[in-house]
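In the block that follows, a single chain appears as structure tokens, in the form predicted on its own.
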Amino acid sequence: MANVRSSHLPSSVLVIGGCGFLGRHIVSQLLEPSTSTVSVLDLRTTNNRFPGAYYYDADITSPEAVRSVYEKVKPLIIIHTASPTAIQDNASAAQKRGAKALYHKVNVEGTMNLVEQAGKIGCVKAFVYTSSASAIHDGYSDLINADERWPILRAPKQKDAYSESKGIAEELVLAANRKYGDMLTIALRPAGIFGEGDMQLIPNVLKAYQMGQTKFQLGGNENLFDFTYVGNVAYAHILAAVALMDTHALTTQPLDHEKVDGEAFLITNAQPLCFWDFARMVWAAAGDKTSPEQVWTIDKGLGLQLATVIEWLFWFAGGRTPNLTRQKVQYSCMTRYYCVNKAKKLLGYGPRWGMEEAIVRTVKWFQERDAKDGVGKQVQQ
């Protein structure tokens, strides 16, 4: 399906962050039979390269570096996925302060630079930005079928620096719609991305399996949660670019309820699962044989009490953050799923890969990578 849609894109397309987790999947899908010339701008382009794409090293916070690449590529479409990785919950206070400054520099200042330089060069018709569904979530409250009418949060309501920076950057991108001649902009908000090349979610889930921790869960596992396969997120970006180019072809401006430019769209697998069901699907794909009757449930309240005690002990021992924290307990027990009707209606979005197939593909990729790297991990069961 993606090859049909990507064949509608004119040359040239520039994927910013195209060597990263999401970016590499976008590049791969763009290179399926099409007439597009695909280029990549990234801080370092040594990893995740594909034959047929053109690669350029540049810092997105540098006007000169970005302008130089734009002048060489002359992109009609820019897909901007570049971002620092969200810091882990068990990072130190100093690491979190440093990460907050980096998020602002790259996600906010870098995105503004990319947009301004795109506007100045004059050839860019479509600018697609990767935002985040977490921009409308405070990290603690339940979200039930949340849609694009929910507001982007700022501190103090928004307690996560990464999510706040993504929300600010999204607002900058959407405010630039039609500001620079006929350059149109759009923002996508994926939720809980996982897949081949994932460096956060799946590695942690598989680590629990490898450590024999599949017989434990926090909370009663009644909370629905959205996880989204990276291939579907990449596909949504291509659909967004096509939608903007289709808007350019219109002889009259679309009505408000038909408009895609200047708009944000939530993207999920449209298949929310109970939180621990997702983990068990990953563990089962990896070979776990644990039955539901063998699972020991730790009540949320007890989990929060244990995490509080452990956090204080670690603080007294030197300020490090333990693996079990109150935030992780809260995250494991919260409801967080979104409505993607807007993307379905206006972008023609629908997941190409269902959850079961996506998980099998992902686990297989990790197992093949580990086998190739000679990582012979003994599984405890």
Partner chain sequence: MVKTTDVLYYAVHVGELRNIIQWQTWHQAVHERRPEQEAPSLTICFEFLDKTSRSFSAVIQELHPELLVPITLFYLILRGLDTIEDDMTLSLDEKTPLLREFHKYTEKEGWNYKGSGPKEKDRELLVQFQNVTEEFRKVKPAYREIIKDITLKMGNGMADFCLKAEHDVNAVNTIEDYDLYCHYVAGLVGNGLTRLFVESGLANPILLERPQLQESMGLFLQKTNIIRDIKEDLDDKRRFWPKEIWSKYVDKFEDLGKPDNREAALNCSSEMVLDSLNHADQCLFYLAGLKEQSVFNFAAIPQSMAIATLDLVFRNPKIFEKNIKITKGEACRIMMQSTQNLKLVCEVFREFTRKIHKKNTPRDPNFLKISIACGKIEQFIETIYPSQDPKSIVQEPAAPVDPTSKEAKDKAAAAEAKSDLIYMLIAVFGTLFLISCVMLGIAYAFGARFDVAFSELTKGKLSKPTDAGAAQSIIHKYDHGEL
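Residue numbers count along the first chain shown, from 1. The model shown is predicted, which means the values in this text are computed figures rather than measured ones.
In what follows, reference is made to the form predicted in complex with its partner chain, a form of this protein that is not presented.
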| property | result |
| --- | --- |
| Residue stretch of 182 to 190, 273 to 281, 229 to 237, 199 to 207 approaching its partner chain in the model of the complex, non-hydrogen atom distance within 4.5 Å | 273 to 281 |
| Residue contact check: residue 333 to its partner chain in the model of the complex, 4.5 Å heavy atom | no |
| Residue 95 within 4.5 Å of its partner chain in the model of the complex, heavy atoms | no |
| Residue 251, heavy atom within 4.5 angstroms of its partner chain in the model of the complex | no |
| Residue contact check: residue 294 to its partner chain in the model of the complex, 4.5 Å heavy atom | yes |
| Listed residue (112, 298, 152, 174) with a non-hydrogen atom within 4.5 angstroms of its partner chain in the model of the complex | 152 |
| Contacting member of 355, 60, 329, 347, with respect to its partner chain in the model of the complex [4.5 Å, heavy atom] | 355 |
| Residues within 4.5 Å of its partner chain in the model of the complex, restricted to 330 to 344 and counted by heavy atom | 337, 338, 339 |
